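In the form predicted alone, a lone chain appears below as structure tokens.
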């Protein structure tokens, strides 16, 4: 079973994402901010990361930059999931190492389609 780390400061978003991803046969770990996510990745590097942009402590972009610098940090497929929808934000995320981008609000169809596009399912 593939492992996905869901990183979002909203417990509601984490719960929704967990339900969708567990239905898609992923084992889920959660983090409330980028620092917690980095700590989780240092313990066990996940196969995939569903990542929010705007969070306290360490935002998604800082986390992604730090992750990609870690040993093994190039391997997880990172899908940004955020309300930030302008082209500049998307371009920054892709340059920092994101593999794909999902807009909030999202549903199962959107998550499943994006995870298929990047080869996770």
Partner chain sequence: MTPGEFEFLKNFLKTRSGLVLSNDKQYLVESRLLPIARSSKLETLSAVIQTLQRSGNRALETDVIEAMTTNESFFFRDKTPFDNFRDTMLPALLQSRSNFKQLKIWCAAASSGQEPYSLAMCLKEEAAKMGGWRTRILGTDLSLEVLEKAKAGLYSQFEVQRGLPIQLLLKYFEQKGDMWQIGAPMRSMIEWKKLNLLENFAHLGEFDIVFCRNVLIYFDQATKSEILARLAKSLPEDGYLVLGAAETVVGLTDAFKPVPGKRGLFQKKPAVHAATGPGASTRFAAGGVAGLRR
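In this text, all values refer to a predicted model and were calculated from it rather than measured experimentally. Numbering follows the first chain given and starts at 1.
What comes next is about the form predicted together with its partner chain, which is not displayed.
Residue 90 belongs to the set of residues with a heavy atom inside 4.5 Å of its partner chain in the predicted complex. Although the partner is absent here, residue 85 sits close enough that one of its heavy atoms falls within 4.5 Å of its partner chain in the predicted complex.
For the chain shown alone, residue 100 is a contact residue for its partner chain in the predicted complex, at least one non-hydrogen atom being within 4.5 angstroms. Remark: residue 94 counts among the residues lining its partner chain in the predicted complex, judged by a heavy atom distance of 4.5 Å or less. Residues of 104-121 lying near its partner chain in the predicted complex, listed in sequence order, are 104, 105, 107, 109, 110, 113, 114, 117, the criterion being any heavy atom within 4.5 Å.
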